[in-house]
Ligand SMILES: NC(=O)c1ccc[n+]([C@@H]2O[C@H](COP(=O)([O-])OP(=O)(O)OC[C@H]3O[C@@H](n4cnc5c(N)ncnc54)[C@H](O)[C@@H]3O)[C@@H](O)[C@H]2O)c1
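Take a look at this one chain, the form predicted alone, written out in C-alpha cells.
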C-alpha cells in the first residue's frame, strides 16, 4: 500500500509499504477514505518529538471502511463505516473505566520509554512516535486498529466524511478544551491560537454558553475564520496589539474567566528577547517547548479562573510563572483529549446542525500530495488552515 512516512526532520515521503495485518484477535483493518494533517503532526515534522524512526507511518486523524476483523471483534463488521479516535484505549483498565482513555494503562507497548520522560505513560497513539507505541498511522491506504470494539465509532447514515472526520481528534479536543473551563452564563473565554483546534474551542465555548470568546492569533485569515465561521466575538492580532493590554481593556481590568491554550510547544511571539531565548534553548534541546502562549494565558486569566491547555507539549518548559499561578488561585486543566467520551455526543450535535466541522478545511489533496501539504500547512501558504488527504 501507499503511506506517508517520516524520513527525518522536515522530510516526509509517500512510499510503498507492507499492508497491515491482523496481529491480535481484537484488531480490525480499515480501508481509509479520508485522513488529515494535524497541527501536532507538525511537531513530528519539525523534529521536536523524540523516538521517531525513519519510515514511520504518520497520521492520527482518519476514517474509513472496515474490511477485516479479528476473531474476537463483536461490534464491528466488514463493511461498517467508522471514525477512529487517535488515542488507543483498551476499554477495561481503571483509566478507561473513568473515561480517561488518553491515559489508557494497557495500550502502549512501549510504556517504559514514556515513563522515562513523563513519569507515567499515556495511551498509545496512532502515528506518533515509538515512545507512544510505535503504531502505524492513518495517512495511508489502510490501517490496523487495535481494540476495535472500543475505539471506532460507526457512522450509520450518509453524512459526508468531511463532517465526521474530525471526530477522530480536533473536534473533541477543541470541545474538551472548552468543557474543562466550567463555563457559566456570561463568562468571557480567551483562546490562544486560531488553528483548527482553536477554531473548535471557540465554537465549543459558544455552544457551552460563553457570552464572549476572544480569538488570539497573528494570521488575518485565521482570525477572519474565527469570527465568521467559529463565532468569536472579539479578535486580537498579537503582532498589532499587546494581548495583555487588550484583554484588560476588553474585560474592564478583570481578565478572561477562562483561557484556552490551543497552541502548545511551538508558540510564537513577536520578535523580542523572550522569543529569542525560547527558540535558542529549544534548538539546542535545553528546553523542549516554547511556552509563550501558556505564560501569557496564566498572566491574563482572571483571579480564580481556569487555564485550559489542549495545545501539545512534549517535555519541559522554562520561566513558568508559578508565582502568579499559585498566588491568584488559578486552576490548570489539561490532557490529550479523551476522544472516546465525546464522539457520540458531538456526532449528535453534527446531525442536529449545531456544528458543521468541515468549515476548517481549506485544502483537499490526494495522499500522494502529503509532502506538499505538510509544507503548506507549516508555512501557512495559500491561507492554509486544514488539509484533508484522500488515499
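Just so it is clear, the structure is predicted and the values come from calculations on it, not from any experiment. Residue numbers count along the first chain shown, from 1.
Below, we refer to the form predicted together with the ligand, which is not included among the displayed structures.
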| property | result |
| --- | --- |
| Selected contact from 247, 132, 307, 293, since only one has a non-hydrogen atom within 4.5 angstroms of the ligand in the predicted complex | 293 |
| Contact residue in the predicted complex, chosen from 190, 148, 232, 263 - any heavy atom within 4.5 Å of the ligand | 263 |
| Answer range among 168 to 176, 154 to 162, 93 to 101, 76 to 84 for contact with the ligand, defined in the predicted complex as heavy atoms within 4.5 Å | 168 to 176 |
| 4.5 Å heavy atom contact, residue 195 and the ligand in the predicted complex | yes |
| is_contact(residue 374, the ligand) in the predicted complex, heavy atom dist at most 4.5 Å | no |
| Residue 332 within 4.5 Å of the ligand in the predicted complex, heavy atoms | no |
| The ligand contact at residue 127 in the predicted complex, heavy atom, 4.5 Å | no |
| The ligand in the predicted complex reached by all of 181, 325 and 328, non-hydrogen atom within 4.5 Å | no |
| Stretch 1 to 29 - residues with a heavy atom within 4.5 Å of the ligand in the predicted complex | none |
